[in-house]
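Shown next as C-alpha coordinates: one chain only, the form predicted on its own.
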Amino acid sequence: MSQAPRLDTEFVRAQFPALETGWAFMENAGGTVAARQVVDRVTDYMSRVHVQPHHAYDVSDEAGRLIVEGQRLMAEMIGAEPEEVMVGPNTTTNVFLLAQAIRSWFSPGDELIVTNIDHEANNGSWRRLEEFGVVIREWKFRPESGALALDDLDALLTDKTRLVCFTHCSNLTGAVNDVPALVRRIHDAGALACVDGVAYSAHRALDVKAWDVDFYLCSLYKVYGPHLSILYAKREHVERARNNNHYFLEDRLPLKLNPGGPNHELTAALAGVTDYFDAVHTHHYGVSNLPRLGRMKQVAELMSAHEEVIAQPFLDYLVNKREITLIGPASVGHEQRAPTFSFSVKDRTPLELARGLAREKIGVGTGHFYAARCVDALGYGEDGVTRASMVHYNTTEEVARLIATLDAII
(Lines give C-alpha, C1' and ligand atoms only; values in the text may rest on other atoms or scores of the structure.)
Protein backbone atom coordinates (compact mmCIF):
# COMPACT_ATOMS: atom_id res chain seq x y z
CA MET A 1 0.00 0.00 0.00
CA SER A 2 1.42 3.38 -1.01
CA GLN A 3 2.04 5.93 1.72
CA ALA A 4 -0.43 8.80 1.95
CA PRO A 5 1.01 12.07 0.61
CA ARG A 6 1.85 14.99 2.87
CA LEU A 7 -0.05 18.23 2.48
CA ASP A 8 1.64 20.62 0.04
CA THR A 9 1.22 23.83 2.01
CA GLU A 10 2.79 25.94 -0.73
CA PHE A 11 0.10 24.78 -3.15
CA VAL A 12 -2.63 25.24 -0.53
CA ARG A 13 -1.59 28.76 0.43
CA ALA A 14 -1.51 29.82 -3.21
CA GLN A 15 -5.28 29.27 -3.27
CA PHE A 16 -5.97 31.97 -0.64
CA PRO A 17 -5.45 35.63 -1.67
CA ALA A 18 -5.67 36.88 1.94
CA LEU A 19 -2.57 34.88 2.88
CA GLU A 20 -0.49 37.13 0.65
CA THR A 21 -0.83 40.01 3.13
CA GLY A 22 1.77 38.75 5.60
CA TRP A 23 -0.73 38.18 8.38
CA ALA A 24 -0.75 34.91 10.30
CA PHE A 25 -4.47 34.26 10.68
CA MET A 26 -5.02 32.37 13.94
CA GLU A 27 -8.71 33.11 14.56
CA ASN A 28 -9.93 30.53 12.08
CA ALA A 29 -12.53 29.08 14.46
CA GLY A 30 -14.33 32.40 14.04
CA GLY A 31 -14.01 32.31 10.26
CA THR A 32 -11.49 31.10 7.72
CA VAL A 33 -10.31 33.21 4.81
CA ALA A 34 -11.98 32.48 1.48
CA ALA A 35 -10.46 30.31 -1.23
CA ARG A 36 -9.63 32.00 -4.52
CA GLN A 37 -12.15 29.73 -6.27
CA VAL A 38 -14.95 31.14 -4.11
CA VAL A 39 -13.93 34.73 -4.79
CA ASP A 40 -13.86 33.98 -8.52
CA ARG A 41 -17.32 32.41 -8.40
CA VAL A 42 -18.84 35.43 -6.66
CA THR A 43 -17.23 37.78 -9.17
CA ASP A 44 -18.36 35.69 -12.12
CA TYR A 45 -21.96 35.48 -10.94
CA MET A 46 -22.31 39.17 -10.16
CA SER A 47 -20.52 40.20 -13.35
CA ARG A 48 -22.49 38.02 -15.77
CA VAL A 49 -25.79 36.72 -14.40
CA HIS A 50 -26.85 38.88 -11.45
CA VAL A 51 -30.54 38.83 -12.42
CA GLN A 52 -33.66 37.27 -10.98
CA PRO A 53 -33.17 33.53 -11.58
CA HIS A 54 -35.40 30.82 -13.06
CA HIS A 55 -37.13 32.87 -15.76
CA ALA A 56 -37.45 31.91 -19.41
CA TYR A 57 -34.38 33.59 -20.83
CA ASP A 58 -30.81 32.37 -21.02
CA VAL A 59 -29.10 34.61 -18.46
CA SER A 60 -31.83 34.06 -15.87
CA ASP A 61 -31.81 30.34 -16.55
CA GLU A 62 -28.05 30.16 -15.96
CA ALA A 63 -28.35 32.17 -12.77
CA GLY A 64 -30.86 29.65 -11.47
CA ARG A 65 -28.71 26.73 -12.55
CA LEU A 66 -25.69 28.11 -10.68
CA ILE A 67 -27.71 28.62 -7.47
CA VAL A 68 -29.09 25.09 -7.64
CA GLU A 69 -25.62 23.72 -8.35
CA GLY A 70 -24.10 25.45 -5.32
CA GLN A 71 -26.76 24.03 -3.01
CA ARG A 72 -26.48 20.56 -4.56
CA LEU A 73 -22.71 20.46 -4.15
CA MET A 74 -23.01 21.29 -0.45
CA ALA A 75 -25.34 18.32 -0.05
CA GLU A 76 -22.86 16.07 -1.86
CA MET A 77 -20.02 17.38 0.29
CA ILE A 78 -21.67 16.16 3.52
CA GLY A 79 -23.21 12.97 2.10
CA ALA A 80 -26.82 14.20 1.94
CA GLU A 81 -29.52 14.62 -0.69
CA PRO A 82 -30.25 18.14 -2.05
CA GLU A 83 -33.78 18.06 -0.62
CA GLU A 84 -32.27 17.68 2.86
CA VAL A 85 -29.93 20.70 2.85
CA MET A 86 -31.07 24.28 3.35
CA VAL A 87 -28.70 27.17 2.64
CA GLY A 88 -29.19 30.05 5.07
CA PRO A 89 -27.37 33.18 6.24
CA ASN A 90 -25.72 31.75 9.37
CA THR A 91 -26.06 28.93 11.86
CA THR A 92 -27.84 31.02 14.49
CA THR A 93 -30.57 31.88 12.00
CA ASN A 94 -30.77 28.33 10.69
CA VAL A 95 -31.33 26.93 14.19
CA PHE A 96 -33.98 29.58 14.85
CA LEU A 97 -35.78 28.62 11.64
CA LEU A 98 -35.52 24.93 12.49
CA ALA A 99 -36.92 25.55 15.97
CA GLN A 100 -39.89 27.42 14.51
CA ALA A 101 -40.51 24.71 11.94
CA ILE A 102 -40.62 21.86 14.47
CA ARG A 103 -42.01 23.67 17.49
CA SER A 104 -45.40 22.00 17.03
CA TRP A 105 -43.76 18.60 17.52
CA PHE A 106 -43.43 19.32 21.25
CA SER A 107 -46.16 19.35 23.87
CA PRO A 108 -46.08 20.91 27.35
CA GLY A 109 -44.01 18.65 29.59
CA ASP A 110 -41.85 17.30 26.77
CA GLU A 111 -38.14 17.59 27.49
CA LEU A 112 -35.33 19.07 25.40
CA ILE A 113 -31.69 18.64 26.40
CA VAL A 114 -29.20 21.41 25.66
CA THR A 115 -25.64 21.94 26.90
CA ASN A 116 -23.59 24.58 28.64
CA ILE A 117 -20.69 24.17 26.21
CA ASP A 118 -22.34 24.92 22.88
CA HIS A 119 -22.11 28.12 20.92
CA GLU A 120 -25.34 29.96 21.67
CA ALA A 121 -26.54 29.22 18.12
CA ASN A 122 -27.52 25.70 19.16
CA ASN A 123 -28.76 26.84 22.55
CA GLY A 124 -30.83 30.00 22.71
CA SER A 125 -33.58 29.12 20.23
CA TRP A 126 -34.18 25.79 21.94
CA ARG A 127 -34.24 27.29 25.43
CA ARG A 128 -36.88 29.79 24.30
CA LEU A 129 -39.29 26.91 23.72
CA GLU A 130 -39.69 26.87 27.50
CA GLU A 131 -42.33 29.57 27.07
CA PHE A 132 -44.49 26.94 25.32
CA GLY A 133 -44.25 24.54 28.25
CA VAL A 134 -41.26 22.54 27.04
CA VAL A 135 -38.93 21.48 29.86
CA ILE A 136 -35.29 22.40 29.25
CA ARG A 137 -32.65 20.19 30.83
CA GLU A 138 -28.96 21.13 30.74
CA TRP A 139 -26.20 18.67 29.91
CA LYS A 140 -23.06 20.02 31.56
CA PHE A 141 -19.63 19.40 30.06
CA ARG A 142 -16.71 18.06 32.08
CA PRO A 143 -14.29 20.96 32.76
CA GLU A 144 -11.31 18.63 33.08
CA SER A 145 -11.78 17.25 29.56
CA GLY A 146 -13.64 20.13 27.95
CA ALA A 147 -16.04 17.56 26.50
CA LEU A 148 -19.47 16.05 27.05
CA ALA A 149 -19.76 12.65 28.74
CA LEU A 150 -22.17 9.88 27.79
CA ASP A 151 -22.76 9.02 31.46
CA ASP A 152 -23.98 12.55 32.12
CA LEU A 153 -26.35 12.30 29.17
CA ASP A 154 -27.73 9.00 30.48
CA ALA A 155 -28.62 10.73 33.74
CA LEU A 156 -30.74 13.27 31.83
CA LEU A 157 -32.54 11.08 29.29
CA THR A 158 -36.11 10.11 30.17
CA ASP A 159 -39.15 8.81 28.33
CA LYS A 160 -40.14 12.46 27.90
CA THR A 161 -36.95 13.47 26.06
CA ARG A 162 -37.77 14.55 22.53
CA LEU A 163 -34.62 16.31 21.30
CA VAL A 164 -30.96 16.55 22.34
CA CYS A 165 -28.89 19.47 21.00
CA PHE A 166 -25.11 19.38 21.32
CA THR A 167 -21.87 20.31 19.62
CA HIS A 168 -19.65 18.04 17.57
CA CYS A 169 -16.61 20.06 18.63
CA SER A 170 -16.44 22.90 21.12
CA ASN A 171 -15.44 26.21 19.58
CA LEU A 172 -13.83 27.10 22.92
CA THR A 173 -12.30 23.96 24.45
CA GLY A 174 -11.53 22.34 21.09
CA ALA A 175 -12.74 18.98 22.42
CA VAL A 176 -14.36 16.60 19.92
CA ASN A 177 -17.45 14.68 21.02
CA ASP A 178 -18.21 11.18 19.77
CA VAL A 179 -21.23 11.95 17.59
CA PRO A 180 -22.00 8.39 16.39
CA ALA A 181 -22.00 7.01 19.95
CA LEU A 182 -24.04 9.89 21.35
CA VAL A 183 -26.58 9.76 18.52
CA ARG A 184 -27.05 6.01 18.98
CA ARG A 185 -27.80 6.54 22.68
CA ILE A 186 -30.19 9.40 21.92
CA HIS A 187 -32.07 7.36 19.35
CA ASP A 188 -32.23 4.37 21.71
CA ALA A 189 -34.01 6.71 24.13
CA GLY A 190 -36.54 7.61 21.43
CA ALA A 191 -35.28 11.17 20.91
CA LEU A 192 -33.82 13.16 18.01
CA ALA A 193 -30.32 14.68 17.76
CA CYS A 194 -29.40 18.17 16.55
CA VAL A 195 -25.64 18.58 16.18
CA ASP A 196 -23.68 21.80 15.72
CA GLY A 197 -20.74 20.92 13.45
CA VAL A 198 -19.47 24.45 12.91
CA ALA A 199 -16.20 24.08 14.85
CA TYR A 200 -15.60 20.59 13.45
CA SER A 201 -16.19 21.11 9.75
CA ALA A 202 -13.03 23.06 8.89
CA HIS A 203 -10.90 20.12 10.03
CA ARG A 204 -12.71 16.88 9.22
CA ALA A 205 -15.01 15.43 6.57
CA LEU A 206 -18.74 15.40 7.32
CA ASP A 207 -20.82 12.26 6.76
CA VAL A 208 -24.31 12.91 8.09
CA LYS A 209 -25.80 9.63 6.85
CA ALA A 210 -23.10 7.50 8.46
CA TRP A 211 -23.60 9.36 11.74
CA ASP A 212 -27.41 9.05 11.47
CA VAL A 213 -27.92 12.57 12.81
CA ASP A 214 -31.39 14.06 12.51
CA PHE A 215 -30.16 17.64 12.11
CA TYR A 216 -26.64 18.94 11.46
CA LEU A 217 -25.35 22.48 11.02
CA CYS A 218 -22.25 23.89 9.38
CA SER A 219 -21.11 27.48 8.73
CA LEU A 220 -19.51 27.68 5.31
CA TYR A 221 -17.50 30.81 6.06
CA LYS A 222 -15.57 28.56 8.42
CA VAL A 223 -14.95 26.09 5.59
CA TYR A 224 -13.14 28.51 3.25
CA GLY A 225 -16.37 29.77 1.68
CA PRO A 226 -18.74 32.76 1.76
CA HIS A 227 -20.73 33.92 4.77
CA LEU A 228 -23.48 31.29 4.59
CA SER A 229 -24.52 28.24 6.58
CA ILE A 230 -26.19 24.95 5.80
CA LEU A 231 -28.78 23.04 7.77
CA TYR A 232 -29.12 19.31 7.11
CA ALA A 233 -32.36 17.59 8.12
CA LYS A 234 -33.42 14.05 7.30
CA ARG A 235 -35.95 14.12 4.49
CA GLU A 236 -38.76 12.80 6.67
CA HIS A 237 -38.15 15.65 9.10
CA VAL A 238 -38.21 18.27 6.35
CA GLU A 239 -41.48 16.84 5.04
CA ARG A 240 -43.06 16.82 8.50
CA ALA A 241 -41.82 20.28 9.53
CA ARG A 242 -44.12 23.29 9.32
CA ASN A 243 -43.68 25.63 6.40
CA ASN A 244 -41.68 28.78 7.27
CA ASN A 245 -42.04 30.17 3.76
CA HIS A 246 -44.90 31.42 1.56
CA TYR A 247 -47.96 29.17 1.53
CA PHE A 248 -47.44 28.16 -2.10
CA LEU A 249 -43.97 26.77 -1.25
CA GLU A 250 -45.23 24.20 1.25
CA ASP A 251 -44.08 21.31 -0.94
CA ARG A 252 -40.72 22.75 -1.98
CA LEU A 253 -37.99 20.91 -0.10
CA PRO A 254 -36.00 22.33 1.61
CA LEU A 255 -37.08 25.84 0.55
CA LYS A 256 -40.10 25.58 2.85
CA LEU A 257 -37.78 26.02 5.83
CA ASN A 258 -36.19 29.22 4.57
CA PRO A 259 -38.38 32.35 4.33
CA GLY A 260 -37.16 34.50 1.47
CA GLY A 261 -34.84 31.82 0.15
CA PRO A 262 -31.03 31.82 -0.06
CA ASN A 263 -28.65 34.59 -1.08
CA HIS A 264 -28.19 34.18 -4.84
CA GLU A 265 -24.60 35.15 -5.58
CA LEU A 266 -23.14 33.53 -2.45
CA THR A 267 -25.09 30.29 -2.94
CA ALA A 268 -23.84 30.11 -6.52
CA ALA A 269 -20.32 30.71 -5.20
CA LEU A 270 -20.55 27.65 -2.95
CA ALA A 271 -19.36 25.66 -5.95
CA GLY A 272 -16.03 27.38 -5.28
CA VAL A 273 -15.75 25.51 -1.98
CA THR A 274 -15.86 22.18 -3.76
CA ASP A 275 -13.65 23.58 -6.54
CA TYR A 276 -11.05 24.22 -3.86
CA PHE A 277 -11.28 20.77 -2.28
CA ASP A 278 -11.21 19.19 -5.75
CA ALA A 279 -8.05 21.14 -6.60
CA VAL A 280 -6.36 19.96 -3.40
CA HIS A 281 -7.41 16.36 -4.07
CA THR A 282 -6.25 16.36 -7.69
CA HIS A 283 -2.92 17.97 -6.76
CA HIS A 284 -2.18 15.24 -4.20
CA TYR A 285 -3.91 12.18 -5.66
CA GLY A 286 -4.37 12.88 -9.37
CA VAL A 287 -7.60 12.40 -11.28
CA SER A 288 -9.96 10.16 -9.31
CA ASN A 289 -13.23 8.31 -9.83
CA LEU A 290 -14.04 8.42 -6.13
CA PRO A 291 -17.40 10.02 -5.26
CA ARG A 292 -17.19 13.49 -3.75
CA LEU A 293 -17.56 12.32 -0.16
CA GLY A 294 -14.71 9.85 -0.61
CA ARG A 295 -12.48 12.60 -2.01
CA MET A 296 -13.45 14.86 0.87
CA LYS A 297 -12.39 12.20 3.36
CA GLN A 298 -8.99 11.84 1.73
CA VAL A 299 -8.44 15.60 1.72
CA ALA A 300 -9.56 15.82 5.36
CA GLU A 301 -6.98 13.19 6.32
CA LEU A 302 -4.25 15.29 4.68
CA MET A 303 -5.47 18.39 6.48
CA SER A 304 -5.83 16.88 9.93
CA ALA A 305 -2.40 15.21 9.72
CA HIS A 306 -0.84 18.58 8.88
CA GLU A 307 -2.78 20.32 11.63
CA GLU A 308 -1.51 17.84 14.22
CA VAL A 309 2.08 18.52 13.18
CA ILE A 310 1.82 22.31 13.36
CA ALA A 311 -0.28 22.31 16.54
CA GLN A 312 2.00 20.10 18.62
CA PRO A 313 4.67 22.77 19.36
CA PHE A 314 2.00 25.26 20.41
CA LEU A 315 0.28 22.73 22.64
CA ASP A 316 3.64 21.85 24.23
CA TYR A 317 4.28 25.54 24.88
CA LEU A 318 0.86 26.11 26.46
CA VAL A 319 1.13 23.05 28.68
CA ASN A 320 4.67 23.76 29.89
CA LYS A 321 4.49 27.53 30.36
CA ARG A 322 3.79 28.11 34.05
CA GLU A 323 1.87 31.36 33.52
CA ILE A 324 -0.57 29.80 31.04
CA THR A 325 -3.70 27.78 31.73
CA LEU A 326 -4.85 25.70 28.76
CA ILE A 327 -8.55 24.92 28.35
CA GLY A 328 -9.47 21.54 26.89
CA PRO A 329 -7.56 18.36 26.02
CA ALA A 330 -3.77 18.28 26.28
CA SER A 331 -3.59 16.43 22.97
CA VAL A 332 -3.47 17.28 19.28
CA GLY A 333 -4.94 13.92 18.26
CA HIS A 334 -7.74 14.47 15.76
CA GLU A 335 -10.11 12.20 17.67
CA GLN A 336 -9.67 14.24 20.87
CA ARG A 337 -9.58 17.87 19.70
CA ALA A 338 -9.45 20.33 16.85
CA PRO A 339 -6.46 22.73 16.75
CA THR A 340 -8.50 25.37 18.57
CA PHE A 341 -6.67 26.47 21.71
CA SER A 342 -8.26 28.71 24.32
CA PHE A 343 -6.13 29.78 27.25
CA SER A 344 -5.59 32.36 29.96
CA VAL A 345 -2.35 34.00 31.07
CA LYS A 346 -1.60 35.11 34.62
CA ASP A 347 -1.54 38.91 35.01
CA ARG A 348 -2.37 39.51 31.34
CA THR A 349 -5.80 40.26 29.91
CA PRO A 350 -6.88 38.60 26.66
CA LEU A 351 -7.04 42.00 25.00
CA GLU A 352 -3.45 42.80 26.01
CA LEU A 353 -2.30 39.54 24.46
CA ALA A 354 -4.27 40.05 21.27
CA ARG A 355 -3.00 43.60 20.77
CA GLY A 356 0.57 42.51 21.38
CA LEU A 357 0.27 39.71 18.84
CA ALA A 358 -1.42 42.02 16.33
CA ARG A 359 1.62 44.29 16.35
CA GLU A 360 3.47 41.37 14.75
CA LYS A 361 0.62 40.71 12.29
CA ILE A 362 -0.70 37.68 14.16
CA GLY A 363 -4.47 37.59 14.48
CA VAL A 364 -6.09 35.80 17.42
CA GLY A 365 -9.49 36.13 19.11
CA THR A 366 -10.62 37.12 22.60
CA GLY A 367 -13.83 36.93 24.62
CA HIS A 368 -16.42 34.19 25.05
CA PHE A 369 -16.90 33.45 21.33
CA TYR A 370 -20.67 33.12 21.81
CA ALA A 371 -20.04 30.20 24.17
CA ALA A 372 -20.76 32.41 27.17
CA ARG A 373 -22.22 29.57 29.24
CA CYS A 374 -19.00 27.62 28.78
CA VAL A 375 -16.82 30.57 29.81
CA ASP A 376 -19.01 31.14 32.87
CA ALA A 377 -18.78 27.47 33.85
CA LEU A 378 -14.99 27.67 33.65
CA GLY A 379 -14.98 30.69 35.94
CA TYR A 380 -13.66 33.33 33.57
CA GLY A 381 -15.03 36.84 33.79
CA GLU A 382 -16.21 39.37 31.24
CA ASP A 383 -12.84 39.43 29.50
CA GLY A 384 -13.18 35.76 28.62
CA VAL A 385 -10.14 33.97 27.22
CA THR A 386 -7.67 34.18 24.35
CA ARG A 387 -8.14 31.80 21.42
CA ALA A 388 -5.62 30.77 18.76
CA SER A 389 -7.19 28.47 16.20
CA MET A 390 -5.36 26.89 13.29
CA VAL A 391 -6.39 25.26 10.04
CA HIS A 392 -4.48 23.47 7.31
CA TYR A 393 -3.26 26.62 5.56
CA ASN A 394 -1.30 27.66 8.65
CA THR A 395 2.39 26.73 8.76
CA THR A 396 5.05 25.65 11.23
CA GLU A 397 6.72 29.04 10.68
CA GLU A 398 3.55 30.90 11.66
CA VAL A 399 3.18 28.79 14.78
CA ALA A 400 6.80 29.49 15.73
CA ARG A 401 6.08 33.20 15.28
CA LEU A 402 3.02 32.88 17.49
CA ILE A 403 4.97 31.15 20.25
CA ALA A 404 7.90 33.57 20.17
CA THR A 405 5.69 36.66 20.17
CA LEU A 406 3.40 35.35 22.92
CA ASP A 407 6.40 34.43 25.03
CA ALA A 408 7.84 37.93 24.65
CA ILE A 409 4.54 39.48 25.78
CA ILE A 410 4.24 37.22 28.81
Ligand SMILES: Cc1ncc(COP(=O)(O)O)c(C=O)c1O
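None of the values given here were measured: they were computed from a predicted structure. Residue indices: 1-based, along the sequence shown.
This next part talks about the form predicted in complex with this ligand, which is not shown.
> Tell me which stretch of 289-297, 155-163, 173-181, 198-206 has a heavy atom within 4.5 angstroms of this ligand in the predicted complex.
Single hit among the candidates: 198-206.
> Taking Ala29, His119 and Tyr221 as a possible spot, do all three reach this ligand in the predicted complex with a heavy atom inside 4.5 Å?
All three within 4.5 Å in the predicted complex.
> If you check in the predicted complex, is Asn90 within 4.5 Å of this ligand, heavy atoms only?
Yes.
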